[in-house]
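Just one chain follows, in the form predicted on its own, and it is written as structure tokens.
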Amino acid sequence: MRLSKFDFHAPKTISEAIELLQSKGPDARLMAGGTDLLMKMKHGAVKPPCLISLKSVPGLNAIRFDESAGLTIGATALLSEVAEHPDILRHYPTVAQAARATANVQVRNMGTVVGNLCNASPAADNPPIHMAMRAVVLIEGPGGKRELPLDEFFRGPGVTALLPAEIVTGLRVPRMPVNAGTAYHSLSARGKLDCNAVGAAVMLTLKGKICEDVRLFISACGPTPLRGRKAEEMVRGKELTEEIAAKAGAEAAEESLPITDLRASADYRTEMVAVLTRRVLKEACQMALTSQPA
């Protein structure tokens, strides 16, 4: 199917992009990598009269790491760049893993982490681990700049907390404590050619062998990535034994809200939530044990 006709703009500043969003109306669409948007346009799912590309805005493709502030990923930083960045590989290996797990090489060489977030798919690879790690979205709009925790950003499938003419300019991920561990796993029917059927991400911190804190998020089992709060309570304040991990997996399965669709049945998703929760908890615990001072 051929693309419908549209105007194309490549602003040089965020202010110019905001003004374009205001002047072109609510049907105008922002584009970073365009991997999701252009496919939707090709299949006639959306027909925006105007596309506003952020690729020409200087500095939006930056990836910066600071010992105190943590990691900042600009809005046009590519998935492939995040997956291979030395500071991310060293300090945020699970962030690199999630980027590397997204789709295929062609998509990763065009798509962006921030675009993956703004698409607001419940099955996306990148949101769960960033939510577990307390990431914050950096937003700029007619009312100025603001920051929003990522776990408050998603409102439903394809729906975010952005106000009219607001733009996500980047994502900031805090430093991990030395006694923390992270993990992410997902499953799909045809490897990474499909969207995820189910995924789980976690960050936990240990004191000795006791779990002091834990944040668990499940993808593709609800309208947004879901936090497994009851599963977290099964782990918090305890040593993560096989029995505790299994109980937490069962709780996470109970908390999930899966549906049956082309990618998987609700029963399969429920069962796999339990499996993946056990897996990510054990892997994150191992990372945390390894990172503790001798």
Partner chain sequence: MKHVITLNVNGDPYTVSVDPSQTLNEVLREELNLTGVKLGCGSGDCGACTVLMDGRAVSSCLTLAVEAEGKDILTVEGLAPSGEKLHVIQEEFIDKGAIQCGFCTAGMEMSALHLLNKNPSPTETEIREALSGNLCRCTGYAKIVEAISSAAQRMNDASERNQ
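Not measured: the values here are computed from a predicted model. Residue numbers count along the first chain shown, from 1.
One more form of this protein exists, namely the form predicted together with the partner chain; it is left out here, but the text below deals with it.
Asks: Is there any non-hydrogen atom of Leu78 lying within 4.5 Å of the partner chain in the predicted bound form?
Replies: Yes - in the predicted bound form, heavy atoms of Leu78 and the partner chain come within 4.5 Å of each other.
Asks: According to a 4.5 angstroms non-hydrogen atom cut-off, is Val105 in contact with the partner chain in the predicted bound form?
Replies: Close contact exists here: in the predicted bound form, Val105 approaches the partner chain to within 4.5 Å, heavy atoms only.
Asks: Quick one: is Leu3 in contact with the partner chain in the predicted bound form, heavy atoms, 4.5 Å cut-off?
Replies: Output for Leu3 is yes: heavy atoms within 4.5 Å of the partner chain.
Asks: Hey, in the predicted bound form, is Arg236 touching the partner chain, heavy atoms inside 4.5 Å?
Replies: Arg236: no contact with the partner chain in the predicted bound form.
Asks: In terms of non-hydrogen atoms within 4.5 angstroms, which of the given stretches 224-232, 34-42, 249-257, 63-71 touches the partner chain in the predicted bound form?
Replies: That would be stretch 34-42.
Asks: Could you spot which one of Met110, Leu138, Ala180, Ala123 gets a heavy atom to within 4.5 Å of the partner chain in the predicted bound form?
Replies: Looking at Met110, Leu138, Ala180, Ala123 one by one, just Met110 meets the 4.5 Å heavy-atom criterion.
Asks: Let me know which residues along 49-75 have a heavy atom within 4.5 Å of the partner chain in the predicted bound form, or say none if there are none.
Replies: Heavy-atom contacts within 4.5 Å come from Leu51, Ser53, Lys55.
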